[in-house]
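The chain below stands alone, shown as structure tokens; this is the form predicted on its own.
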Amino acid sequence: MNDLYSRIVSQRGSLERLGARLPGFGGYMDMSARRQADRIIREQVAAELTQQINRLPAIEKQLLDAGGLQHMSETRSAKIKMQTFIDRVATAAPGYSGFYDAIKVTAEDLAVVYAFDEALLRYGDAFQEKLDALGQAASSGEGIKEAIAELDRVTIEANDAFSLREKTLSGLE
């Protein structure tokens, strides 16, 4: 397994902690509830990420007002990757439908799925943190390139993590 997989699985918490962040989440224990639980998680993550990406135009305007036209290409690139992640999370097929139903899911498999779902929520927190840093950099005029690079790094990692989640759910990883 790769480093990202190992990090996500090693940072897993409890089902209670996952449920505490997701109103209406009942867990995956009931086979018939898995599809619903997967949808609830992805909708919550997509909503949180959408709130974060909606902050970026104001930060870009702040950069432009300070003469930061040279940063627009990098912020646009990060925004596209962030939007791609949001779209992937929001529109992915339920993890337990179709041919997934034929896959026997063990308690260990569920623990790994919880770890990936927690990771999706942590990426929302990471986007917030990186956008806060970019906003502060835009205000001060210092560290802008570094803040954009960090935001870009998180967007790439989030997309990689989601790809890994999909591969794990399908049994390919």
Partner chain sequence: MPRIIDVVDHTNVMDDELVYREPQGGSGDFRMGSQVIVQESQVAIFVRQGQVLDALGPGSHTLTTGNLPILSGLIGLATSGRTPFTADLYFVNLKDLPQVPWGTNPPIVLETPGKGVGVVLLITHGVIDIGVEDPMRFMKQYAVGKPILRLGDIRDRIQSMLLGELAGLLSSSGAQSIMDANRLLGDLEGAALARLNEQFAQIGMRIKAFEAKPFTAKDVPTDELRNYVDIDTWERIKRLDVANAAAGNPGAGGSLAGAGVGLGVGQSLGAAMNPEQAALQQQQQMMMNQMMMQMMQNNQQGGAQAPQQAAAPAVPQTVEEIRAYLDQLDMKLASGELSESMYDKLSQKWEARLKDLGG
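Keep in mind it's a predicted model, so treat the numbers as computed, not measured. Residue numbers count along the first chain shown, from 1.
Only in words, not in the display: the form predicted together with the partner chain, which the text now covers.
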is_contact(Glu48, the partner chain) in the model of the complex, heavy atom dist at most 4.5 Å: no
Any non-hydrogen atom of Pro57 within 4.5 angstroms of the partner chain in the model of the complex: yes
Touches the partner chain in the model of the complex: Gln70 (any heavy atom, 4.5 Å): yes
Close approach of Asp65 to the partner chain in the model of the complex, 4.5 Å, heavy atom: yes
Non-hydrogen atom within 4.5 angstroms of the partner chain in the model of the complex for each of Lys61, Lys79 and Asp87: yes
